[in-house]
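Shown here is one chain on its own, the form predicted on its own, set out as C-alpha cells.
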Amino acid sequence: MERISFTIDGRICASDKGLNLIEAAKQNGIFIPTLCHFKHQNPIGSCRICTVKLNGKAIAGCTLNVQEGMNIEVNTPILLDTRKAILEMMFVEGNHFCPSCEKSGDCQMQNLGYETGIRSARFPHLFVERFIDAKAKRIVINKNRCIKCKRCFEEVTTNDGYKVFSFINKGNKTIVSVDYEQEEKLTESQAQYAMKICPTGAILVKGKSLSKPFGDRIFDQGIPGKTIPFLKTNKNNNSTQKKLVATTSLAGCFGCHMSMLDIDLGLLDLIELVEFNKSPFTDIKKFTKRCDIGIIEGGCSNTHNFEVLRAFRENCDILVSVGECAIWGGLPALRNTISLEECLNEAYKNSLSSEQDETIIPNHEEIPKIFNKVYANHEIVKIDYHIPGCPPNSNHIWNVVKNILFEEEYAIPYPEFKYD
C-alpha cells in the first residue's frame, strides 16, 4: 500500500493512500467526532458532525479519502463552533430528554454534547410529535431520537441476508421503518447489536434495559483529567463581603432545590460566603434587597411563572438556570407536542375524579393562566449561565455559583457535567 503525507491543522500526518480521513486522523492521534461513520460502511455524511475544511472548503470528513498533499482543517474555532451548533440542532429537532432515556450514559450523541460543552442550545426546541413504533416482536423504534445515521439500515441483517430496517419518505420527512417479518427472524444477539450500534436511544430491545449505576456507564468518566471550561475571567475578586443569593422554582419538581440542600454540612461553609434573600430556603416571599445572583429551576409554564421570572431579572445582577426544566422545559415541556386543549381535556375531563360527575377544567381569576407551551427561561428573559442536569450535583451547583460570584476561573470536572 502506498504511503502518503498530508496536513491536519498544520501538522504533517502520514497514512496509507485512500484511507478514510476519520481512520487516517485516528492513526495520527487526532480525533474527528462523528455519529454516522462506521469503519466498513459506505460514508454518507448524514450527521455532519465530522465537518472539516479541505483546502478552505467545508465538507463532511467521513466522505474524504486521504490523498497526497491534502491540507485539512479540523479544530479551528469556526469548525468547533459549527460542530457544536450541529449537535445543538440535533438536540432541539428531536424530543431528546436524557433523564428518561434508557441509553443515557451510553449514548454517543449525549457524550459529544459533553465533549463540546453544550449547556444550552442557541436554537428553540421544535417539539414535533413523532410516532414510537412498538409493533415489532422485540424491537422498539423511538423516532424522536433517530438521527437518520443509516447504521441500522446498513449493519442489521437476518441470517439469510435480508435487511430489517429501511428509509421511507424524503427530505425532513424521512423516517426509519421496520420490516416486521424480517425483524422476527433476528436472533437475540442480533437484536441487541442493533440497539448497541445506534448512536442514540432510538433502537431499544424489549425487556433488555441498558440502565447501569452512575459511574459504570460508558461515558460517565470521559477522558481522565478532562474538564469542561465554564468561566473565564481576567479579574480576581478578592472581596470577602457576603453575596446576596435568591432562588425560586417554577414549572419543575423542586429536585434542583433538594439537590442544593444535599451539600449537607457544606451549608455551614456556604453561609460564610452568601446570604439568602427571596428563596424557599428562607421563606422570604418578596425581594427585600437587590441580589447578586438569582438561581432558577423549572421552566415558564403560566402567567405566575412569567411574573416571577421577570421579577428575578429585575432584582438580580446575574441569573442562572439550573436543571433541564429551566434550560429547555424538561419533563413539563413534553406536553408541548400536543395542544393545550388536548392536555387539559385529558387531565380534567377524561380522567378519574374524586368528585362524581366533576369533569370541568378549573377556571378562576386567582388561578394562573396556563400558556400554550412551556418555555425555556432564556426565551422569556436574559439568562447569564446554565447548569444542566436532572438535577445537577449539589457540589457542582455551588462551585459554579461561588466561582461566578467571586469571578474566579472555573472548569467543570467531566464526571460532574451531566444532562441526567
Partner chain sequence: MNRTNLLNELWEYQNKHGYISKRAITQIAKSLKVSILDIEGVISFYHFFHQKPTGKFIIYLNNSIISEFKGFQYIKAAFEKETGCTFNEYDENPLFSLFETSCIGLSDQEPAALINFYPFTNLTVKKVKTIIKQLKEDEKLATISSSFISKIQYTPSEEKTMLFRNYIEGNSLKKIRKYSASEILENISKSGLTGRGGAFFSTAQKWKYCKESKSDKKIIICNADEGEPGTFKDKALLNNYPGLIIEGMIISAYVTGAKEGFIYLRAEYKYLLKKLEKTLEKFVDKGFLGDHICGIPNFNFYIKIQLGAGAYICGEEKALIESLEGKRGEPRLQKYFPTQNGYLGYSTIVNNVETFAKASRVIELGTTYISKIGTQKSKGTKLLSISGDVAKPGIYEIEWGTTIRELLKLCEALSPYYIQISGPSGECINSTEFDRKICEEDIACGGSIMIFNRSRDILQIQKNFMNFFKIESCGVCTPCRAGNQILYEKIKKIERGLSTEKDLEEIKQWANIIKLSSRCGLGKTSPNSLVMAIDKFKDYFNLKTSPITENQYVEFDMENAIQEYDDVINNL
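From a predicted model like this one, the values you see are computed outputs, not experimental measurements. Take the two forms, superpose them, and find the largest set of C-alpha atoms that agree within 1.5 Å; that set is the rigid core. Positions refer to the first chain, counted from 1.
One more form of this protein exists, namely the form predicted in complex with the partner chain; it is left out here, but the text below deals with it.
Spell it out for me: taking the partner chain in the model of the complex, does every residue among 2, 145 and 262 have a heavy atom no farther than 4.5 Å from it? No, none of the three is in contact.
Close approach of residue 131 to the partner chain in the model of the complex, 4.5 Å, heavy atom: Residue 131: no contact with the partner chain in the model of the complex.
Evaluate residue 124 for contact with the partner chain in the model of the complex, applying a 4.5 angstroms cut-off between non-hydrogen atoms, and reply yes or no. Residue-level check for residue 124: yes, a contact with the partner chain.
Within a 4.5 Å heavy atom cut-off, is residue 78 in contact with the partner chain in the model of the complex? Taking the distances in the model of the complex, the answer for residue 78 is yes, it comes within 4.5 Å of the partner chain.
Does any heavy atom of residue 390 come within 4.5 Å of a heavy atom of the partner chain in the model of the complex? No, residue 390 stays farther than 4.5 Å from the partner chain in the model of the complex.
Please name which of the stretches 320 to 328, 97 to 105, 278 to 286, 298 to 306 has residues with heavy atoms lying within 4.5 Å of the partner chain in the model of the complex. Heavy-atom contact with the partner occurs in 298 to 306.
Heavy atom within 4.5 Å of the partner chain in the model of the complex: which of 356, 363, 55, 351 fits that? Just give me the one. The residue in contact is 363.
Tell me, which of 231, 273, 85, 267 has a heavy atom within 4.5 angstroms of the partner chain in the model of the complex? Checking each option against the partner chain in the model of the complex, the one that comes within 4.5 Å is 85.
Going through 139 to 166 from first to last, which residues have a non-hydrogen atom within 4.5 Å of the partner chain in the model of the complex? 147, 148, 150, 162, 163, 164, 165, 166, in sequence order.
Aligned on the rigid core, do the two forms place the Cα of residue 135 2 Å or more apart, comparing between this form and the one not shown? No, residue 135 moves less than 2 Å.
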